[in-house]
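Just one chain is shown here, as structure tokens, and it is the form predicted on its own.
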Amino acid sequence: MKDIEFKILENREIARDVFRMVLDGDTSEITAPGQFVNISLPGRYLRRPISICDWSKNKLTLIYKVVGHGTEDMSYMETGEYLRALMPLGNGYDIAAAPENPVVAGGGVGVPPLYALTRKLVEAGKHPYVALGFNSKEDVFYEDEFRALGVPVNVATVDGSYGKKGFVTDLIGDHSYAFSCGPLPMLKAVYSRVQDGQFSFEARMGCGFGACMGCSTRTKDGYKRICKDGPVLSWKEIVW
């Protein structure tokens, strides 16, 4: 874990209230898709945890939604500005545990970390199927980027304005193993449709690295910290 300074290369809106920020800096510590960064913002006491969408040598891509004052501040930041991020945090997804044909199911701002996951699955010789859920057409993002990885992609919207009308669970079919990230009701619904998998959870965090215990959650193996022991939990250990 390091506190690293990054230079902003891009920060633009890609869907309704959803922004993509591309940063230049040291990414060598990242070990797995699904990890996150904790961003320091001027005038804000607590850092903002943001999942890693993708990374390459010296380039980090984050996708975030404006939901409060901190992410609103981020949306106004411009190319050439600098910010600091504590990273990498969390355990990430375990690619080695994936079967040949897993479903990758994401909803809303739970979609970003699934992009690097899908890329890594493809690089490992797996054949993932991607199911994405959004509220409306104006909220859809990264469909084309997933397709460019050479994987099948289907999209559902709650209001039926794009793709299939319904929820991401309507797209899962008979897949038994899921990688998933999204709002809690979506995760619970996906969980009930499969027999195994890995699920990334969100929680309010104070420190982001396991010291404050503020994001502890109960599992079948006892209490775990979402920031350090997670955010990815296995299907077998989740307690609803």
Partner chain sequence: MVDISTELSGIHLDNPVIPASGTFGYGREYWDLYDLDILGSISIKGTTVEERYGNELPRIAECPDGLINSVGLQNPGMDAVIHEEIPELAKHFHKPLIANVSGFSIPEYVRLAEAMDAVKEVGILEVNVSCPNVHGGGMAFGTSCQNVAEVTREVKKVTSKPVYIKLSPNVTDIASIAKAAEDAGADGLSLINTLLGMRIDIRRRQPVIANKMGGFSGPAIFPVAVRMVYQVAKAVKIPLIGMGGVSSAEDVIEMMMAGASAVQVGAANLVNPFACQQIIEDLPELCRELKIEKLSDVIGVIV
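Keep in mind that what you see is a predicted model, and the values were worked out from it rather than measured. Numbering follows the first chain given and starts at 1.
What comes next is about the form predicted together with its partner chain, which does not appear here.
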{"item": "Of Ile30, Ile50, Val194, Cys207, the one that lies within 4.5 Å of its partner chain in the predicted complex (heavy atoms)", "value": "Cys207"}
{"item": "Complete contact of Leu46, Ala211 and Arg218 with its partner chain in the predicted complex (any heavy atom, 4.5 Å)", "value": "yes"}
{"item": "Region of this chain that lies against its partner chain in the predicted complex, out of 38-46, 51-59, 186-194, 168-176 [heavy atom, 4.5 Å]", "value": "38-46"}
{"item": "Contact of Leu83 with its partner chain in the predicted complex (heavy atom, 4.5 Å)", "value": "no"}
{"item": "Residue contact check: Arg20 to its partner chain in the predicted complex, 4.5 Å heavy atom", "value": "no"}
{"item": "Within 4.5 Å of its partner chain in the predicted complex: residues from 93-111 (heavy atom criterion)", "value": "none"}
